[in-house]
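A single chain, nothing else alongside it, follows as structure tokens in the form predicted alone.
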Amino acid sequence: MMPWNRDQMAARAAEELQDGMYVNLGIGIPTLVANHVGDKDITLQSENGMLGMGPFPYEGEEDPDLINAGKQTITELPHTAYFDSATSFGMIRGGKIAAAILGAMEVSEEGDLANWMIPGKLVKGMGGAMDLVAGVGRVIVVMDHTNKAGQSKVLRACTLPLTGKAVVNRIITNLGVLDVVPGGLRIVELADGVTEAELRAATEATIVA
């Protein structure tokens, strides 16, 4: 089995984006999507107050004042705009953002998402994910298919506190791409070198034909 690495997952997620879209990238693997937008006319929004994010800077060219929601240094573009959090969340809650690409700890077969905390562990806060899943047009999750113990993160039902119920449209993992459909998940694509049997074995959720 040859699953996708983090960069390949981000590149696959970038294929979901179409010209003219305003898109929010979550913390973790989704931030890498900015490096794979290419020539597409995509405007990336960060909930900390930036519209028009560029790719990550080259080493030595970082500007500590330019960061994304995950506190990583990024670059600006000629059309970049800056604003306060109230305006940022007005865009999100007002339905102005076409899609969000988010990381996850767990996703259920009904599209429930858990991505903000593990009980008993110190967290900085829930961030903007709850607003994003409620306000954007399409939610795409990018994550590893299993946890470090080899247990599936694609479940019949989430065990961690939910970020949102029935909010996920598409799941991109290191093993392939699945869509949330009535009755469970449908396999859209397999990662290079991964068989359908391997993906099914790593998935607790119901996979429908």
Partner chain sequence: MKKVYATADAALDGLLHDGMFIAAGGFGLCGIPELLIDALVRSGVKDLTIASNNCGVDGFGLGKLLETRQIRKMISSYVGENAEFMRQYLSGEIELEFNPQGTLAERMRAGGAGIPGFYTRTGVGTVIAEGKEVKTFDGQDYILERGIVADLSIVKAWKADDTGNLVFRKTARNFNPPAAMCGRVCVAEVEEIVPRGSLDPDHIHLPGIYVHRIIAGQHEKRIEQRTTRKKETA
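What you see is a predicted model; the values in this text were computed from it and never measured. Positions refer to the first chain, counted from 1.
One more form of this protein should be noted, the form predicted in complex with its partner chain, which is absent from this view; the next part is about it.
Contact annotation: E59 falls within 4.5 Å of its partner chain in the model of the complex, judged by heavy atom distances. Taking non-hydrogen atoms only, D131 approaches its partner chain to within 4.5 angstroms in the model of the complex.
At least one heavy atom of D65 is located within 4.5 Å of its partner chain in the model of the complex. None of the heavy atoms of G28 is located within 4.5 Å of its partner chain in the model of the complex.
Screening 175 to 183, 156 to 164, 139 to 147, 30 to 38 for residues having heavy atoms within 4.5 Å of its partner chain in the model of the complex returns a single hit, 156 to 164. Contacts with its partner chain in the model of the complex, taken as any heavy atom within 4.5 Å, map within 68 to 86 to N68, A69, G70, K71, Q72, T73, E76, Y82, F83, D84, S85, A86.
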